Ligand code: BDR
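To begin, one chain is listed below as structure tokens, in the form predicted alone.
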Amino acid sequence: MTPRPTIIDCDPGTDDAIALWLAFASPELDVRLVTVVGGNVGLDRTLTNARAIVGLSGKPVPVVGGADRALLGPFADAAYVHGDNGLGGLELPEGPPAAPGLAVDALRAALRAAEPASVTLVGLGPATNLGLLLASEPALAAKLSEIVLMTGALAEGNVTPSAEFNAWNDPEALSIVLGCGAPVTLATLDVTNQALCTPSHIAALRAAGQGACARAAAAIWDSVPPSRRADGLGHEQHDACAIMWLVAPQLFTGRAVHAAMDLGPGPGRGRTVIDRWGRTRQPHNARFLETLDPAGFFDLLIRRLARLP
């Protein structure tokens, strides 16, 4: 097996932490760069958190800070879910210093040096860094084998009735990414809501792994408030679904769709308009993940987290 060269853009964030550790624990992926955007909390915290998450894993992966606001305005955070520090109040040891420069420049340099269709780009936060990259040098889309995004919702949003948090925070940037021409896979709320972390999963992780990353992951899971959408039974592992698609695609079903953004000023702003049945007669530009095997998901996730130091 040849690991996939992978770049992860994120806004840690409790579920970003789990997703990053899953990626670092997975031999299917060769994570070469982590770029950071504001989102779940401000960029000052998301960058600090990303450095700490990478540092705890022991992986020598550069971390580069990027956009602290959306293309057309400020980000709105989700501290009410992730805590004021973004990690549910968990304080991790200080990570290695951030690499110098800006995320968009680091992304551009990495893709310019890559072979055509060779790099997998994963977006776990607002798409601002990715939109800046693909708007400023659209030819770099040819270097991407796949873009995997945790964003959007076919049905109900989680920040407005129409919009999911990442999509709503920078719909213009996400529109640029969806139109870039590279293969796109969407892990929307419709599939991530099926990855419901319950107290039994937390107990299983604590029993399986005694490493620092596994202990931190269990503490993070404990900190996240139960989801009203799930009747208080647990909370969703949104971002880990994007990584799991790359690691174990057999756990998912999906279909080709046309996806576009509602960029208007009204109550639909930030909605991902996903055409599953070809009603718009627009060409397919994304793969939409529809179902997930939750038991298989958590079994593999816990085993991978338990591998980490």
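It should be emphasised that the depicted structure is a prediction, and the values quoted were computed from it without experimental measurement. Residues carry their position along the shown sequence, with the first being 1.
The form predicted in complex with this ligand is left out here; the points below concern that form.
Visitor: With heavy atoms only and a cut-off of 4.5 Å, decide whether D170 touches this ligand in the predicted complex.
Guide: Outside the cut-off, so no.
Visitor: I'd like to know if T120 sits close to this ligand in the predicted complex, meaning any non-hydrogen atom pair within 4.5 angstroms.
Guide: Outside the cut-off, so no.
Visitor: With the partner left out of view, is L189 within 4.5 angstroms of this ligand in the predicted complex by any non-hydrogen atom?
Guide: L189: yes, in contact with this ligand in the predicted complex.
Visitor: Counting only non-hydrogen atoms and a 4.5 angstroms cut-off, does N158 reach this ligand in the predicted complex?
Guide: Because a heavy atom of N158 falls inside 4.5 Å of this ligand in the predicted complex, the answer is yes.
Visitor: Can you say which of 150 to 158, 136 to 144, 177 to 185, 89 to 97 gets within 4.5 Å of this ligand in the predicted complex, counting heavy atoms only?
Guide: Result for this chain: 150 to 158.
Visitor: Answer with one of N40, N49, T35, T272: the residue that has a non-hydrogen atom within 4.5 Å of this ligand in the predicted complex.
Guide: None of the others qualify; the residue that does is N40.
Visitor: At 4.5 Å, heavy atom to heavy atom, what parts of 212 to 244 sit next to this ligand in the predicted complex? List them in sequence order, or say none.
Guide: Sequence-ordered list: H238, D239.
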